[in-house]
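As structure tokens, one chain now follows by itself in the form predicted alone.
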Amino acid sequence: MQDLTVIPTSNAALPDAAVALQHWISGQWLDSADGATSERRSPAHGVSVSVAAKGGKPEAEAAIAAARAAFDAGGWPRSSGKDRAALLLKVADLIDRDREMIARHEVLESGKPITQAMAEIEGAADLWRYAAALARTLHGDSHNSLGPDMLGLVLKEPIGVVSLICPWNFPFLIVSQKLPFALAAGCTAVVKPSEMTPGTTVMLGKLLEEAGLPQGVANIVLGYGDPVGEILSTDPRVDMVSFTGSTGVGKRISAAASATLKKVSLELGGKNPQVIFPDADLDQAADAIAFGVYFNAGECCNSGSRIIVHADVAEALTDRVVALSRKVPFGDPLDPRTQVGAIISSEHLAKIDGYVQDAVAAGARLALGGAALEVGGLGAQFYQPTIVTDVTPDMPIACEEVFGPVLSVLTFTSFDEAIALANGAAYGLSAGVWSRDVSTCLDFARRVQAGTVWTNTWMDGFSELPFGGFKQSGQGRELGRYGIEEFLEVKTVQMRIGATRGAWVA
């Protein structure tokens, strides 16, 4: 295995039995009407982790009806920012209390390392607290410069019922990028987690119930995109869809939602470049590149999956990244030493490997890896740290989302060429630049087509800063003040407060 760092099975205690998961609709925990279920087995350990109710049309429509009734006739949309914030803060405290339990279940369902999962749950609690702060500071505008007889008001009101469709790669974190902001705005919601990682969203529902969220304000329907996701995207009682996932599915959701002209917010794929100039700190860049491509086994929309490096330093930088890659611990995600865990499914592993083999067949060179990784006691649902050089821009591995621990290396010789390569993909989620020259960094940041630009770092994140993409990486924004604005409608009120209006008919 090319002298890689592999953490074999830690013999950590595994669950004796799968957890039974139910839908949460109008405050009730329910099985599916037809009794259908789906099982999730740990991608790292092979054991059965959860058996979830498999939702269909009855469950999706019941959840939408509950959210609609809670919005139209319930008190949540008309509650004060203070009261909404108090509940969100209570949820954050409960997340902190149960952090270890939530993280462990997420590891078992997703295959990610336990230390990463713990950090994500901590970050999720911070998102609930930040959304609570937004609930307290939300306000509209007034215009008192319209003349002595008029006062103009701009009200910001909750958009209504929102469908929140979440992915498998960061199941608890991403639902926490959506739901607390929707609740802070006064919306009601139906949440559909991925069928592969439903457990921690159900745990969140239990915490919402414990915190005292009124019935129907948030609902959870488990199941597959067909039919649950489709119904949540097309039902006219839903006012907005917020989706995180692949660009292909995002396009289908946008098309499905168009029939009712509901608002759609999409956080989709990425093929995120890091451009390294000759004056960069190569040691710092190499470490950030390793982090960017191996974090969450590369199953991350923000994965730094391609580097565009100046030809003068390409060999030196690649050598550094290869050396660091050999030291990154891959293996049992329940072992605290592990930094890269299992791939989500055998089908996805085959897809990752297909990109690599196709690139090699087209003339690219493997500097490291390029095959499944055997981990003692756990099997082969892991993928080796992989670095592919001599990549050309037309290769699929250079412009399509691999979603695995695979780094593509391209080279450039001029600033304009670097920009052209960085902007050459259909995506525009994030980008990075490495240079000691602040003018180079600023020029790059202004010219690159990406929703987030990092300079001399990679994938730092803050609740206060908006997140979203250009081009086929999506539309709309999450996080920051923009994150709550997505869930608001703007209403103009014009009030005549002085003399009566002049007669139009003489």
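Sequential numbering from 1, following the sequence displayed. Since this is a predicted model, take the numbers as computed values, not measurements.
This next part talks about the form predicted together with a small molecule, which is not shown.
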Stretch in contact in the predicted bound form with the small molecule, which is absent here, among 79 to 87, 401 to 409, 286 to 294, 308 to 316 (heavy atoms within 4.5 Å): 401 to 409
The one option of 218, 175, 184, 301 with any heavy atom within 4.5 Å of the small molecule in the predicted bound form is 301
Taking 4.5 Å between heavy atoms as the contact cutoff, choose which of 160, 205, 370, 269 touches the small molecule in the predicted bound form. 269
Please determine whether residue 467 contacts the small molecule in the predicted bound form, using a 4.5 Å cut-off between heavy atoms. yes
The small molecule contact at residue 428 in the predicted bound form, heavy atom, 4.5 Å: no
Proximity of residue 385 to the small molecule in the predicted bound form, heavy atoms at 4.5 Å: no
Partner contact for residue 194 in the predicted bound form: the small molecule, 4.5 angstroms, heavy atom: yes
